[in-house]
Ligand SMILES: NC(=O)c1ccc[n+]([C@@H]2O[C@H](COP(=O)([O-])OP(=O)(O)OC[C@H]3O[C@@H](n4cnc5c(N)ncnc54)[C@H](O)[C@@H]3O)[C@@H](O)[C@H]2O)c1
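Just the one chain here, the form predicted alone, laid out as structure tokens.
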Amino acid sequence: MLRSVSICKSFLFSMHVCAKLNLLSKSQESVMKVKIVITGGAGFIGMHLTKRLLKVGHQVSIIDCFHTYYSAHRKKQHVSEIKFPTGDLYEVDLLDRDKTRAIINELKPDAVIHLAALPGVAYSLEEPLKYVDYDIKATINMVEACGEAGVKHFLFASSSSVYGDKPGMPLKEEDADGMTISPYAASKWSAESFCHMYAHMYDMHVNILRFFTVYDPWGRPDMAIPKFISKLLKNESISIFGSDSGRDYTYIDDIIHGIELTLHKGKRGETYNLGSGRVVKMTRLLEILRHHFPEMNVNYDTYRLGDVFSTHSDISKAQSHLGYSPITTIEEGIGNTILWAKQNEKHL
């Protein structure tokens, strides 16, 4: 049985969602509201996205299975932060094909933003088949259900990991070639392909969004920045794997803005990089952290299997098609994250 935490009244639309989205302007007063389902909405990106879309007046429902990759309690804290003024929360395992079809057919959304996935490169090396389940099979069930239910717009959250290890250059969308180096990356690449296939089968508007190392105050506890800050607040040393590595760290506000722009302006069938467009070397990240934690101790280790050396997004297509323009510097983002952590140590 599907469990609905709260129930919203559905409303009718006189136009298809694509027609509505074409009429959107930058003014919030002119934004035409759409009915949206966010899978993985109890995750840290899903929490921020849900809050934003509710704020501008969209009708939002969340689907999440509260997978235990990290604390289900933490995800329930995310949900409590949303303070659902409207919307539904459905606890559904997307591996259940029949229940996935049933909930999408019941909700009949205009758009689905599919964030749900099993994350993490290191864990994917230990449990690769779980990524086949939660990152490929679950995506197939969701995009198939959306096609059958007549959903007009499907946004799939992919990852910069699909580019494999290509250091030294900004990565354009067409640079992905399937030469991945972790099961997590391979599962995302495969899921992208299934999204394109079902888009063709059902004549559905699909966009692929490749996120580059998203961080924020509520970031996943297994990710580098939240893990470092948590340890440093406890006066514990931190460990890094390769001092010369670099990442295109992207603050949550910029990612949410990119998703929202794609919802309104994404061109049919296109893939977009959502990153900061800047590489932050590990040495620079450590400098920023040391500014806040002068007594910081660092342990240096070798590179881990599955980790890429560096990521760097070419965001020119997102800039051209969407008007995407990330504005949060790494210094500002880290400062915001540390301030939040100090005020919310119970959530770390």
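Model, not experiment: these values are computed from the prediction. Numbers follow the displayed sequence, beginning with 1.
What comes next is about the form predicted together with the named molecule, which is not displayed.
Novice: Ala176, Trp189 and Phe194 - do all three of these have some heavy atom no more than 4.5 Å from the named molecule in the predicted complex?
Specialist: Heavy-atom distance to the named molecule in the predicted complex: none of the three under 4.5 Å.
Novice: Which pick from Phe228, Phe211, Phe154, Tyr251 sits with a heavy atom within 4.5 Å of the named molecule in the predicted complex?
Specialist: It is Phe211 that has a heavy atom within 4.5 Å of the partner.
Novice: Name the residue from Ile104, Ala185, Ala117, Val206 that puts a heavy atom within 4.5 Å of the named molecule in the predicted complex.
Specialist: Comparing distances to the named molecule in the predicted complex, the residue within 4.5 Å is Ala117.
Novice: Do Glu127 and the named molecule come within 4.5 Å of each other in the predicted complex, heavy atoms counted?
Specialist: Residue-level check for Glu127: no, no contact with the named molecule.
Novice: Given that the partner is absent here, does Val60 sit within 4.5 Å of the named molecule in the predicted complex, heavy atoms only?
Specialist: Val60: no contact with the named molecule in the predicted complex.
Novice: Taking the shortest heavy atom distance, is Cys65 within 4.5 Å of the named molecule in the predicted complex?
Specialist: Output for Cys65 is yes: heavy atoms within 4.5 Å of the named molecule.
Novice: For Thr180, is any heavy atom within 4.5 Å of the named molecule in the predicted complex, or not?
Specialist: So Thr180 does not count as contacting the named molecule.
Novice: Which one of these stretches, 260-268, 92-100, 229-237, 167-175, sits within 4.5 Å of the named molecule in the predicted complex when only heavy atoms are counted?
Specialist: After filtering at 4.5 Å, what remains is 92-100.
Novice: Which residues, if any, of 140-159 lie within 4.5 Å of the named molecule in the predicted complex when only heavy atoms count?
Specialist: Sequence-ordered list: Ala157, Ser158, Ser159.
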